[in-house]
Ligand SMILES: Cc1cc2nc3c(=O)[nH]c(=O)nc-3n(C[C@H](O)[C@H](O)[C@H](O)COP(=O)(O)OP(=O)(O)OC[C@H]3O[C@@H](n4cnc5c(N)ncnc54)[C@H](O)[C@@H]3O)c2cc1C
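In structure tokens, the next block holds one chain alone, the form predicted on its own.
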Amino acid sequence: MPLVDKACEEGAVDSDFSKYAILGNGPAGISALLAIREVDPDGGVVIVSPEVERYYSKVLLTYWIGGRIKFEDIFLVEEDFYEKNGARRAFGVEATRVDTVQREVELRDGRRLRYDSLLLAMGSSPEIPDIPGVNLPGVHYLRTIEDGKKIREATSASMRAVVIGGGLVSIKTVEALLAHNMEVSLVVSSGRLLSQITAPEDSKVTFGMFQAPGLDIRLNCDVRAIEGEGRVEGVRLSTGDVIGCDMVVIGKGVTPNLSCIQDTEIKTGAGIFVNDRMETGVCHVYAAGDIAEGHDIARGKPWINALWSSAVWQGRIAGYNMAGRRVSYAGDVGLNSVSFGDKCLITLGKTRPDKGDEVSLFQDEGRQEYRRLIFSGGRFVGAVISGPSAQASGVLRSLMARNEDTVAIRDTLLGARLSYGDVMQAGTRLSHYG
């Protein structure tokens, strides 16, 4: 049943007006709300979400499934957060259509919400592969808190799982399932893990990182069918092998939730194009988070950085501008971090070099240290890092965001024992040279 605040319900027979409408209850939407309140303490705000839960961390779902944190630790705000910030909720119902001419959002239940300024922050949904048996009971995805509840409940009765896909969510799901002493097979179409955020040169390192008792990794093969009578009993692979299992988790990527802006003049590519104020190009309509193509500093072009930190910053910039404070967004640098047991892999910026880029490699197998750095015209634009120097990833990201020539500190970045302090000192030297 949709959760609709009483204030939102009253007078909603025909249409309901809010100065600010936010489609999305994730980091972009919540950051926008807080920014709006800094500038405009009293303007009406409505937040629309197909989920019924208050703001929570999707990143922490696998930690809860694996029993590493308590359920309440997933939530990032208190129950009264929305009331304290003067935001009305339309939860448990999705936006089906945006009318940018009438400045109106139509909801699944038929209600229409009018607005002065609109933020599109609907996030993404899992891609559903076109394979037989994909709708059998026992097949799961992991994108929402409800998905997490179903997977955690299933672990109590499951002995063996197949996880499809070799991305970040799949890797962390594998780790959570192994914590329940399950046998897990990871089936990956490509010849390496984390193929979307690494390059072929990194395949040996990534494969070695994700080894664990109870885990069987199958590369270069696809799932042809999920089989079972009434529920999941196994998967059939393109190799002809059949893996018996009682649970399947699919992590084959995501698709931006853009259906509600079809037939509008909002321009899209992989996501919604935005300028440095997070404006879409259609008056009074902004976008942020997983669906926004903002400026990527390392790549020098629009890019979707589907990261928590990016969504927070983009939402904040959008909120300020929606409320009348003119603020610009300089752009972002992608950073992905994945841990598995006691190992960690960091990727920064672009991890696959373009023509003319320089690639430098440092590797020390004794220290389990791996560092592949990419430079473009002297600028530091990308990295894949595993081992002790991963501790320096945050300051490396800041160095990349400065978009300066790093020739003078190249030796430091490729030093045998790169640390946070090393990069800080190197950055100071750059400022001195500048």
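Residue numbers run from 1 along the displayed sequence. A quick note: this is a predicted structure, and the numbers were derived from the prediction, not measured.
What comes next is about the form predicted in complex with the named molecule, which is not displayed.
Asker: Just to confirm the contact call: exactly one of 115-123, 275-283, 131-139, 342-350 touches the named molecule in the predicted complex at a 4.5 Å heavy atom cutoff, so which is it?
Answerer: That would be stretch 115-123.
Asker: Exactly one residue in Gly66, Gly387, Pro50, Gly43 has a non-hydrogen atom within 4.5 Å of the named molecule in the predicted complex; which is it?
Answerer: Flagged contact: Pro50.
Asker: Looking at Arg37, Arg379, Arg372, Lys58, which has any heavy atom no more than 4.5 Å from the named molecule in the predicted complex?
Answerer: The residue in contact is Lys58.
Asker: Is Gly289 close enough to touch the named molecule in the predicted complex, meaning at least one heavy atom pair within 4.5 Å?
Answerer: So Gly289 counts as contacting the named molecule.
Asker: Residue-level question: is Arg231 within 4.5 Å of the named molecule in the predicted complex, judged on heavy atoms?
Answerer: So Arg231 does not count as contacting the named molecule.
Asker: Does the 4.5 Å heavy atom contact test between Val169 and the named molecule in the predicted complex come out positive?
Answerer: Residue-level check for Val169: yes, a contact with the named molecule.
Asker: Residue-level question: is Glu94 within 4.5 Å of the named molecule in the predicted complex, judged on heavy atoms?
Answerer: It does: once the named molecule is placed as it appears in the predicted complex, Glu94 has a heavy atom within 4.5 Å of it.
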